[in-house]
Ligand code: ADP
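Below you'll find only one chain, the form predicted alone, shown as C-alpha cells.
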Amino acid sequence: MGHWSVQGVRFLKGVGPKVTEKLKKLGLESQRDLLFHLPLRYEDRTRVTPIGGLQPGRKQLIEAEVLQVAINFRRQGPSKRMLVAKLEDPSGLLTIRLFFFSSAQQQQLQKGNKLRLFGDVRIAQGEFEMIHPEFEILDPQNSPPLEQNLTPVYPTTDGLHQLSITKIIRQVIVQLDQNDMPETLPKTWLLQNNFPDFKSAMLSLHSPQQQIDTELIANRRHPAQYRFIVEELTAHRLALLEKRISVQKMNNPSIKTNGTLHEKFIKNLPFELTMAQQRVMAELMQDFGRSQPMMRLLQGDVGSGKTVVAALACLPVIESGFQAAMMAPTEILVEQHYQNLKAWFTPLGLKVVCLMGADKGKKRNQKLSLIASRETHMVVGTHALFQESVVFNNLGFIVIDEQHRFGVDQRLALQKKTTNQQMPHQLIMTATPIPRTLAMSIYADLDYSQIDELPPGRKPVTTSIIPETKRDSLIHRVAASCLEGGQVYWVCTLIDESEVMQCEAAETTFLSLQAQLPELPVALVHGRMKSAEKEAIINTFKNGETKILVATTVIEVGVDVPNASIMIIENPERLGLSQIHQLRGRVGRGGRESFCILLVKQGLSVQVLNRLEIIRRYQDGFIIAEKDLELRGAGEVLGTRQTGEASFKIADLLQDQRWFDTVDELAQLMLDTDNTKASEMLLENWVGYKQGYTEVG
C-alpha cells in the first residue's frame, strides 16, 4: 500500500488536535484506517425531485421558494419556539419545521428566497413536510452544480459532523485515485473469480458513480463488496492459521499418566459420565498424546457437564508434574468452580487455590506465594490470573470458561505465563451454542468438540408466554411455589435502554413484589452494585435465605441454585434467543418440576411472538442458536458486540457463509505461495497486529 496511506491523519486538511481525538475514538489513526472506514449507506443528491413527486420515508433533494414564514410558540418541549416555513415549486407545497434555529437560518428563510433542501420527507395532516432539513440559498442566475456521484454516509461519533468526516475521507480517496496501489490478492485469482482490483473496488464503495452501483451495494451484491468480504474473511482466517502454525512449532508439556487419579475421581463421582462426556474426554487424551500443544474449543449446552470434563482433563497434567489453571469471567462463576474443584480434588490429595481481583494485601500475597510453589496443583481465577505479579510454578494446562467473554489477546496473556518456553495445553469452553460451520470459521485456530447430550435426570423446563395482564395471577403462583420450598428468579430486561433505566425497572418490580408478598424474603441485584455486594446477595439466594431474586440480566451463566424452579423474564423480546435459553438454564437443576415464564407486554408484533415461540418449542441450545442466527445476525449471537473480537468491517458471518469455501481456498493459496508481503498487508488492512493474533509465546 502506498507510503501516504500509513501517514497519520494530522497530515490532512481540517484535522487539528481535537478532530484527531475524535477520529481516534473511531479507531482511525492513519490514512489507511480512513480508507477502510466504509460508508454505512448512500444519499442521492444527484437529482432534484419536484415536490409533487416526493415519496414519504425517503431522503430527497428539492428546490423551492419560501412562500411564508412564522415563529410559533409551544407550551411543551425542549424548545419553546418553532420556525415554520411554507415552500412551493410549480408542482406543490411543502412545510419545513425547525425546533432549534439560528438568526442566520432565520435570514435564509425570508419570503421570496429560493432554496435547495435535502432531508427526510414525511406526511403530516395530509401535507408533505421536512423536519430540520439541510438547506442553502440559491442564486437563480448562478446555481451551484448538483453532486455528480451519490453521497456516502459514514459511521461517526459525537462532535464529528458527517460533513467533516466526508471531507477528510475524500482527501484520502483523491490520493488513492492518483496513486498506483500494490495488490493484496493474487492477480490470477482475482481474474478467475471476476473480482475488481483493490483500487477500483475501493473507489466504487466510497464514491459509486451510478444508481445501479448503489442498488447493488444496498443489497450486498456489488462485486467490490464481494471482493472485500472475501478479503476480510481471508485475513481473519490467515491470522488464525498463522497463529495455529506458530503454536504447532512450539514445545508442549509432555503428559504421561497411569490413570490413577482418573480412576479415583470417577469412583468418587455420585453419577456416571454420559457417552458424550466420555467421547470428549477421549479426544482430549488424544491431544495430550500429540507432539504439539492442545488448542481445543469445547461447546456444550447449559448443564451438559463441561466442568466435570475440564476437571478430569486437569488430572493427567497434574500427574505429569504440571499445574493447571481455570479462568472464568466473573467472581461468582469462579467461586462456583472453586467450590466444585475443591470438593472433587481435596479427596485426591490435590491443593486448589482461588485468585480474584478482590484479593488485596496480605491475603493476595499469601495466594501468590502458594501459586508460585510446588504444593499448588490447580489455580482458579478471574482475569486477575494474567496480571504481571502472578507467577506460576509450572503451568501446563489452561482452561478458559465462557470464551466469548475474553478477547484473543487475553488468552495469549495467560499463555505467556509459562517459565520454560513451552506452550501450555489449552481448552476453551463455552455454553453459548455456536453452529458448527460458524464455530469452525471464527475459531479456525482451534480443534472442535461438542457435548451434545444432557446428563440423565435433567428435566426439560416447561416454557410459557404469558401476557402482562395476567401478572397478578402469576404472582399468586410464585407465592405458592415459594411456600412449598421453591425459589424464583425474576429477571427485568431493558437492554436497549440505559443501564440506569434497567436498574430502575428492576427496582420498581422489586418494590412491588415486596409490597404484594410481605411474607416472603425478596432481594434485588443489578449491574450498578459493587461485585462484593452482588455476590453477598446472590449467596443469600444460593443458601435459601432469599426466596425471590429480582435481577437485571447480571445473573451470570453458571450460577447453580438447584432449588430454583421458576424463571420469569420480563420484556423477553429485548434479548437474543440464546440469552433467554442461557437464563432458562438456571432452573431445572434440582428434582422439582421447573418453569420458564416469558412475561410479554400487549401489542407485540407477530414476528416478535413467532421468535419467542422458538424458545417455547425447543430445548436444544444448538437449534435455538441456528434460528437466532438466522433472525439476528452473528454479532449478537456470539456476544462479540461487547468484546470487539470478530468484529468485521464489511463481512457478516451469517450472510457471508457461502464464501467460506472460497476463503479456505484463498487462505491456503496465500500460505502455499508464501507471498509474505501480500499476507502482511492483508493482515494490517483487516485485522491489525494490535489484536495480538499473530504474536504467540
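In case it trips you up, residue 1 is the first one in the sequence shown, and so on. Being a predicted model, the structure only gives us computed values, none of them experimental.
What follows is about the form predicted in complex with adenosine-5'-diphosphate, which we do not show.
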* **adenosine-5'-diphosphate: the contacting residue among T307, S207, S449, N571 in the predicted complex [heavy atom, 4.5 Å]** => T307
* **Position in contact with adenosine-5'-diphosphate when the complex is considered in the predicted complex, options P186, G321, P455, G357, heavy atoms within 4.5 Å** => P455
* **Residue contact check: D301 to adenosine-5'-diphosphate in the predicted complex, 4.5 Å heavy atom** => yes
* Asked: Just to confirm, T274 within 4.5 Å of adenosine-5'-diphosphate in the predicted complex by heavy atoms?
  -> yes
* To do: Classify R584 as contacting or not contacting adenosine-5'-diphosphate in the predicted complex by the rule of any non-hydrogen atom within 4.5 angstroms, answering yes or no.
  => no
* Asked: Could you tell me if E535 has a non-hydrogen atom within 4.5 Å of adenosine-5'-diphosphate in the predicted complex?
  -> no
* Structure fact -> Assert contact_stretch over 151-159, 475-483, 274-282, 197-205 against adenosine-5'-diphosphate in the predicted complex, heavy atom within 4.5 Å, equals 274-282
* Structure fact -> Taking adenosine-5'-diphosphate in the predicted complex and a 4.5 Å non-hydrogen atom cutoff, the residues of 573-596 making contact are R589
